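Next up, structure tokens for two forms of one chain, structure 1 and then structure 2.
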Structure 1
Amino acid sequence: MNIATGTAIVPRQSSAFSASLTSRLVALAIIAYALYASTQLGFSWPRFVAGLEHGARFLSRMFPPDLSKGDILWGGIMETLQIAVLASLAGILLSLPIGLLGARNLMPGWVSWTARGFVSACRALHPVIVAILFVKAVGFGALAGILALVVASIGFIGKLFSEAIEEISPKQVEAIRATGASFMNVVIFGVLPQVMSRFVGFSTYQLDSNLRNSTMVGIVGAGGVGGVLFSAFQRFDYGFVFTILFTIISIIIASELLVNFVKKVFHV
């Protein structure tokens, strides 16, 4: 109450959804840097319009699709599927112990940080770059592609699995320990039941991702349909390029349906 005027003083209320000064400054800094970056990379509207015209001309050369090389396409597709399945299986099996070692609530600091450093190193490079390294090491073919995707799987699943273990409830673990159970029994009966559904979700996503990546590693000589696609581009055989791309898109859609089915089976 203002005694001099006799009016009530209404306290100032701040909006619950108003942004703070710091968040506004950060947002302005991001927008300013985006504008600066766009001026440094040579973007222009005429260049974009010309690109659309070139793209339309390129797409028109893909028709009609070439369906006469079914044997070559089928061989590449089968190798791509085999690379994705084998790499996913090996990567998932290796990620289980590595992710467990990286959990800071179960392991000593030097063990968890060593495991996390290894997982970060696996995740640092794109699978295509890793595939180039393995092609140099073991030669052209599917083995280089499998090894590259195993590394990518460990980098992804290992990190998420460690974080999932760190979020579990400690009560179940302590109850198992109170019975005098060994460390492996604690893991089997106290840790895995709490994270298994999430681990299945991570694994199905990685299988889906490896199906996509297995087409890319073939471009650098690591097996699969990517090599067939690259050869078709080099021969300007755009009708066959369209057939390959349409087949890859169909496989990815089919894999999405398969992953959803697996998730329903495991109630993920």
Structure 2
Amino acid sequence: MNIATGTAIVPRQSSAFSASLTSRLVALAIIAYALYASTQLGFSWPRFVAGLEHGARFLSRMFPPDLSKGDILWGGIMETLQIAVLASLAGILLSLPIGLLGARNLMPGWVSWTARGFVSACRALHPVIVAILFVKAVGFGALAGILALVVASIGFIGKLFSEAIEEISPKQVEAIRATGASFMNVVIFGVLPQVMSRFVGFSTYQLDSNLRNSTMVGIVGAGGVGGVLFSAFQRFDYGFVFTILFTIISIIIASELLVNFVKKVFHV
């Protein structure tokens, strides 16, 4: 670095931040892996250059954006929003009891392990794969998308909610127990007030992520704007593709602002 400073030559000394031998070896291994993997996946320079040409043509075909199919776009967007809203509602309502059952400080071992196993299973497969399975089971359309996102929501909120409950202070719970309260009362007055604000945080995050995911379950036929997008791609209608993408991004930016507002209102 002493070249950059441009001052007199400093006598060579060990640098304060020199990398250790292990971290150098790890870095070397990662570079070697990256080179190996790229040959395995068939990356090559000519292909990259050819790709850039295609990319330029692709971009030029996206302009001007096609604004003529407003009603198709609007229908898809509305369905996407509705899928996100319903899936979030059902997912949040279901993950409340499941998350409670998974908390190790409230439940006996066999209950919490069962609940945790169920939640992990919900999280293991990607929402799109779950959506495919639901499409095969309940047919094409929004229902499959909603069910798939409900599963994803349980996998996410259920886990975080259990963890939040495990971190609460036991004092309030003991105080409520000491009054001779029933289990339900312990939960309502001792546990929930301590985790409610975090639960609102998780829920708003999940609404946001369901909105993102609901734009894509349509690719496998589970309703929403994803289907419109996919068919536009297959027709090489790139102008319309650009319009759809632009709309999706705007909606997600708007939803992020909205979620921040809601969090502020609830002091999360």
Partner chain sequence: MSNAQIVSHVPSAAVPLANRVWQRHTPIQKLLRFIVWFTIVLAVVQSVRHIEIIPEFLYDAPEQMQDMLGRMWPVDWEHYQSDVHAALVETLHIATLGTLLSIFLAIPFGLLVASNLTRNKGLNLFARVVLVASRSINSLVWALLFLAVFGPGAIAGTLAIAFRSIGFVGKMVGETIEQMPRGPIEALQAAGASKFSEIWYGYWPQLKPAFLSILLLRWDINVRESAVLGLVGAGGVGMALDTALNLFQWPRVATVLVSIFAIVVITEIVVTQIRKRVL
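Just so we're clear, the structure is a prediction, and the values are computed from it rather than from any experiment. We call the rigid core whatever largest set of C-alpha positions still superposes within 1.5 Å between the two forms. Sequence positions of structure 1, starting at 1, serve as the residue numbers.
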Chain form predicted on its own, by structure number: 1
Quick one: core overlaid, is residue 67 moving 2 Å or more at the Cα between the two structures? no
Aligning on the rigid core, do we see the C-alpha of residue 33 shift 2 angstroms or more between the two structures? yes
Core superposed first: is there a CA shift of 2 Å or greater at residue 47 between the two structures? yes
Having superposed the rigid core, state how many Å the Cα of residue 57 shifts between the two structures. 2.5
